[in-house]
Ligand SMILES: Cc1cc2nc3c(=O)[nH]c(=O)nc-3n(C[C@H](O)[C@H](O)[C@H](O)COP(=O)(O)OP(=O)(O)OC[C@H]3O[C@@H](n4cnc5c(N)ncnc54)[C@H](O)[C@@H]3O)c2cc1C
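Consider the single chain below, provided in structure tokens and representing the form predicted on its own.
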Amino acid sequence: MADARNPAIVLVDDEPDVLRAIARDVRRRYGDEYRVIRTGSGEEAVDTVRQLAERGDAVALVLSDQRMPGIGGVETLKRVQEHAPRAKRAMLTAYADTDAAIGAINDGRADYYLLKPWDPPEDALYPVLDDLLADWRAGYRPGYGGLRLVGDRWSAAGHRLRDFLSRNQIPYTFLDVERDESARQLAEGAELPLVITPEGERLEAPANADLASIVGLRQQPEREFYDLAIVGGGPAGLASAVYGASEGLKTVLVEREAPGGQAGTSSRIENYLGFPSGLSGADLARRGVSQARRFGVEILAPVEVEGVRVDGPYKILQTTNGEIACHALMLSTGVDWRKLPAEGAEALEGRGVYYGAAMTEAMGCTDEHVFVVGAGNSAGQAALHFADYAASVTMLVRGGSLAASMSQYLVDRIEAHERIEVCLRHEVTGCGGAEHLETITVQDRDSGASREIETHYLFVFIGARPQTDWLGGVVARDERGFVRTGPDLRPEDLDGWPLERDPFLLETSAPGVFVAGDVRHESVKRVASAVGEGSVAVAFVHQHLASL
């Protein structure tokens, strides 16, 4: 039986027979973990959700009919969002009403729609609801249990731990010593940040690896040798892992921070095929990790790869936790954001200056004036995301147009948003503050005039910097550090090539070492492209293994 404290699933339909039928099927599948609440109108549903929110009860999903007397399904989901913004919202509609449902998805008022009838529910209902509820669960933070992280919100070390826990999907409660008396009492005499486990164990200023051991993340390989080893757990690496393991290869994936890579920090990815309402980078990473583990992939994180050597047909990775040997090696390490070349920025990193979306900081941006530096899709999605919390968001763009580097659908949404301002031909030249960011200096690139602006939050999305120094001279790289493959390899890169065949399309200058995703020379910097390359590369891995 469902506990009265369980999250709620609210069902809405004005036809009693349909309402009973959908409630029966939903309760049969989810009744042990969720309360299933029936409502006979949009008005009743909105009132029910409001009462649940006022009591502090979690609402996981609202599933509403489209055509109803009074307020219809689209308006019901819109009003529900005001009281339970994190709840998933889906519409149950007849075929003739699909245009309205798709419009609701495009307007951000619904996450999905299902067609009537939904028989059999095992095929037409449960897969969709499973997906929506899994997404909701991934971000659900009940107010009890789990880790407690005690620290100062302006601490760089505290930000590092919060980011690590969030990106690895580990529930925790943050207690701010600046605002919470109980936090100050817990922190008395301790070096901050302080992590307290559910069992009461206290870790003072732990490293990510130490915290990973406590929460059960795997950092040691089960084997000494693998068919395929993958370095980097972004979309390309996860795709390679899924396709490699599903086709019978003994596969290990080594990730230095958290699966998902740079894409995993994205607040929203809206142009990825098959997700009409978009999904967050964290959702994409969670799905990829779950799929990879289902096929038996070993995921080691956080583990840093420090070097690699090639010994005949064998590739040996030197990691912070020992060596890993393999026949085929996939490099999918992606790229990092380039550091902001502004005076004072380095000293304030993690204390108001952040690289990437830094999703853990969103709630702290409430009523603040937030600045976003960059003009790509990631910067655009971040600006829209922070605008949900901040009083205002200003985008600082060095170039003369957003459209030059950003998808048009994002440009249109940004230009229409009342709380987002875009300053073209502007850049940050300085960051100031003692304990945390307090001001930035912004320069107009045309006039040369500068002004100092008060702010506590600056998010940077500029450039693409590969982390490939650890590869040494093992594979050929371009002048910026991106790895050359296949037809992009120059004659001088292949002076030591030992095989009669040419390198495969995604193969490096070292036989059996492959590259996929953003770290590849001249790659397309898109999630779908990275996933495609990661999966295609596995076909070449098989051809390489067959020749050994």
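Worth saying up front: this structure is predicted, and the values here are computed from it rather than measured. The first residue of the sequence shown is number 1, and the count goes up from there.
This protein has a second form, the form predicted in complex with this ligand, left out of what is shown; the following refers to that one.
Participant: To verify the annotation, which of these, 381, 251, 93, 76, has a non-hydrogen atom within 4.5 Å of this ligand in the model of the complex?
Facilitator: It is 381 that has a heavy atom within 4.5 Å of the partner.
Participant: Among 352, 232, 288, 193, which has at least one heavy atom within 4.5 Å of this ligand in the model of the complex?
Facilitator: By the 4.5 Å criterion, the partner-contacting residue is 232.
Participant: So in the model of the complex, does any heavy atom of residue 330 sit within 4.5 Å of this ligand?
Facilitator: No.
Participant: With the partner left out here, check for me: in the model of the complex, does some heavy atom of residue 153 sit within 4.5 Å of this ligand?
Facilitator: Residue 153: no, not in contact with this ligand in the model of the complex.
Participant: Indicate whether residue 337 is a 4.5 Å heavy atom neighbour of this ligand in the model of the complex.
Facilitator: The answer is yes: residue 337 has a heavy atom within 4.5 Å of this ligand.
Participant: Applying a 4.5 Å heavy atom distance criterion, does residue 405 contact this ligand in the model of the complex?
Facilitator: Heavy-atom contact with this ligand at 4.5 Å: absent for residue 405.
Participant: Quick one: find which of 35-43, 513-521, 49-57, 487-495 has residues within 4.5 Å of this ligand in the model of the complex by heavy atom distance.
Facilitator: Comparing against this ligand in the model of the complex, the contact stretch is 513-521.
Participant: Pull the contact list for 449-470: residues with a heavy atom within 4.5 Å of this ligand in the model of the complex, in sequence order.
Facilitator: Result: 461, 470.
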